[in-house]
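Below, in structure tokens: the form predicted on its own, a single chain.
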């Protein structure tokens, strides 16, 4: 399913709504946060580095947008107890969660499987796949308290079509596709929808690492893709479930 990248952000459309975004301190995560706050949402900005989260927070507030909540958490080392604490804090403060965007991920390295560093393999799978599983498991109770909750797992072209040398990153995104599809089947009779989104090319630090020779000026900015994500989280978009969505370039 293809979704156009251009959508209008309607002020106050997300008033009273709470959305958690992982990797919210830079790139696409920050762009999504800004657009959600522009629409009136209270965004829980989750990231592992408090300093960069605070810098991103200042960007949102200085722009006169809805004040977000900072939640520093290292997804690589987070324990079930950490996730339980997040659930408790969220339910205590807001009583529900309306949206969950699994955006945080790392590239790992690009090399043959036979040469892949085992420790880096585990780290990449932990951050990109196991952490989204655990975070989702602990936040489903809060999502069930929303009248219209939406979960978006950020995927990738290499999570839908195998490509040599993409290693743990590709495998983790294939895993995300499977996790999302399974979850969408389990939650199909609830008010929670689950979909994956491949944002396509974006001018991010990760892409510069993956394609160092590419002319970045030809690649869309994250801000050109984030509005489509906000649209998919909004009640103005169709309630779809279990879909593989791609944002047009």
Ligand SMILES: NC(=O)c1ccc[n+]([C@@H]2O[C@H](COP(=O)([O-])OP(=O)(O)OC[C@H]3O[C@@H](n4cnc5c(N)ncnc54)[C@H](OP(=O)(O)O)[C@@H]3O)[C@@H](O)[C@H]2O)c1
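Numbering follows the first chain given and starts at 1. As the structure is a prediction and not an experimental result, all values here were calculated from the model.
The following text describes the form predicted in complex with the ligand, which does not appear among the structures shown.
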(message) Between 70, 202, 65, 187, only one gets a heavy atom within 4.5 angstroms of the ligand in the model of the complex; which residue is that?
(response) 202
(request) Counting non-hydrogen atoms within 4.5 angstroms of the ligand in the model of the complex, say which of 140, 179, 106, 134 makes the cut. (result) 106
(message) So if I measure heavy atom distances to the ligand in the model of the complex, which of the stretches 84 to 92, 143 to 151, 97 to 105, 113 to 121 falls within 4.5 Å?
(response) 97 to 105
(request) Considering only heavy atoms, tell me if residue 38 and the ligand come within 4.5 Å of each other in the model of the complex. (result) no
(message) My question is simply whether residue 206 lines the interface with the ligand in the model of the complex - judged by any non-hydrogen atom within 4.5 Å.
(response) yes
(message) Using a 4.5 angstroms cut-off on non-hydrogen atoms, would residue 129 count as touching the ligand in the model of the complex?
(response) no
(message) My question is simply whether residue 195 lines the interface with the ligand in the model of the complex - judged by any non-hydrogen atom within 4.5 Å.
(response) no
(request) Please state whether every one of the three residues 27, 48 and 75 places a non-hydrogen atom within 4.5 angstroms of the ligand in the model of the complex. (result) yes
(request) Go through 152 to 182 residue by residue and record those having a heavy atom within 4.5 Å of the ligand in the model of the complex; state none if no residue qualifies. (result) 154, 155, 156, 169, 173
